[in-house]
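There is one chain below, alone, in structure tokens, taken in the form predicted on its own.
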Amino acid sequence: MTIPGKSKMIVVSNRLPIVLRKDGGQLRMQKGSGGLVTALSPILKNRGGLWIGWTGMTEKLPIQEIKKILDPFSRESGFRLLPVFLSEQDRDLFYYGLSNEVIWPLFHDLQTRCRFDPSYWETYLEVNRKYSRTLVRHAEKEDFVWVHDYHLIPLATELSRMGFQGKCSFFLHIPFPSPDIFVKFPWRTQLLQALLHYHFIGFQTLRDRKNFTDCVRIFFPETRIEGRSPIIRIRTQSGENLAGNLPISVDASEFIRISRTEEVARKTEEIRKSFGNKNLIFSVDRLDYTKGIPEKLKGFRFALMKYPHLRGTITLVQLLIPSRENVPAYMALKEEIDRLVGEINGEFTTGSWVPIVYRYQSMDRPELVAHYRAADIGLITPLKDGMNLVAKEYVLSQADNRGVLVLSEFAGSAAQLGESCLLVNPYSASEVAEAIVRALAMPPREKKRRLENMKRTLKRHDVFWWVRNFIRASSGLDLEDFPESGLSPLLTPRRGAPFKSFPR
């Protein structure tokens, strides 16, 4: 069990909070900027913590060369990075294969995109063994081990097989499917058993947690579920687990602060003027078929067709963040988006107005926040999403309280924001169109009331609330129970007989 004052925190995720690349023959490091990095870096700092993950490279490199990069980052960040090394085959079958050609589409209710290759599952397990071998060299029984996301579901099972007797907690960042979808997964029983090896299993929403417990009841009929609070107890023949719904978020104070800076205020005004002060819809999505980008474009086209008064008065700015550009399904999606944008602009463009401004690029945070602040409508229409932090970023960036959030009812964030935003079914072009018209006609007082309601929710339940509550729910500890400490040694001393042998 975790012990106040004696436990260290160990985070395990598919990737380290940095990415290594070869640039001109030199090894370079790029710092990560995702929500998980933002949330956990200050929590791990100077607490003797560890972060285990893949470097992002498949090339074999001398450990001394990697240490030259990782050690300075570890000293600067205040926690130790421990790399896991994957081969090209590991990457192709574990990451591109089982993780992103099976679990990702299936858990987003897009089972027709799944490729159930048996070699994927075997490599998925083998790669999880690699992660577990790295972890057991550094973990003590009393440590708090926090495993993240669908890539590493079998990790606790593999740790048990290696004899590790500590407790592990898990958080699933993507949705968990309903039983009628999950039943299609060829290794469904093994995956459920793997999740039940975790002491605590965290989900984004109550819907996801319920889907999980429904699946457990079907495949393990003796299961008993106890409790009705955000944290419940699951009793099976193999033991007991805790499960909870704890929605992840963003650093609310930071987005509010940035949105009110002079730099962002200036950029916001420049953006509005550049579009002739027309009504702006802003959408930002990573290139992914779960984000509902073609459906959104069709909804916008329907709005222009059905409501002619919108023509010449409104512009959709679609920011598309490059992702997995070498994967055929993503290449095909990019081509579809390019085609739709071209068709819509070709159909409706006039001499002084282009309906869609399409940007395929990344954008730094001040520029992004300025676009959020400039937009009259934030249009976010995933077909399904574990949470969708863009919706929260848009709300928090509304320093002028003038925008309206139009959000897919299938985004996890709809559970928190649904009463104050305009919910739509992204598959319905008419619903998307009607929401656009309604948002534009909304009185300023109502816009302000809705935004302030959402901001209050997000300030109360920000990313640091998520971290603290996850730790408390899964271990009974508070952050203060992890004492300040220097960097953990790179390798712990060998113990006499550290782990008993388990059959594989």
Ligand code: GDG
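Quick note: we count residues from 1 along the sequence shown, nothing fancier. What you see is a predicted model; the values in this text were computed from it and never measured.
FYI, the form predicted in complex with this ligand isn't displayed, but the following is about it.
| this ligand: the contacting residue among 151, 373, 296, 291 in the model of the complex [heavy atom, 4.5 Å] | Partner contact (heavy atom, 4.5 Å) among the options: 291.
| message | If the cut-off is 4.5 angstroms on heavy atoms, which of these, 181, 231, 265, 321, is the one near this ligand in the model of the complex? | response | Spelling it out, the residue with a heavy atom inside the cut-off is 321.
| query | So which stretch, 182-190, 279-287, 211-219, 302-310, is the one near this ligand in the model of the complex (non-hydrogen atoms, 4.5 Å)? | reply | Only one stretch qualifies here: 279-287.
| Heavy atoms within 4.5 Å of this ligand in the model of the complex: does residue 259 have any? | Close contact is absent here: in the model of the complex, residue 259 is far from this ligand, nothing within 4.5 Å, heavy atoms only.
| query | Though only this chain appears here, would residue 132 touch this ligand in the model of the complex if you measure heavy atom gaps against 4.5 Å? | reply | Flag for residue 132 set to no.
| task | Report whether the minimum heavy atom distance between residue 204 and this ligand in the model of the complex is within 4.5 Å. | result | Yes, residue 204 is a contact residue.
| query | Counting only non-hydrogen atoms and a 4.5 angstroms cut-off, does residue 364 reach this ligand in the model of the complex? | reply | Yes - in the model of the complex, heavy atoms of residue 364 and this ligand come within 4.5 Å of each other.
| request: Give, in sequence order, every residue of 384-412 that has a heavy atom within 4.5 Å of this ligand in the model of the complex, or say none if there are no such residues. | output: Counting only heavy atoms within 4.5 Å of this ligand in the model of the complex, the contacting residues of 384-412 are 385, 386, 387, 388, 389, 390, 393.
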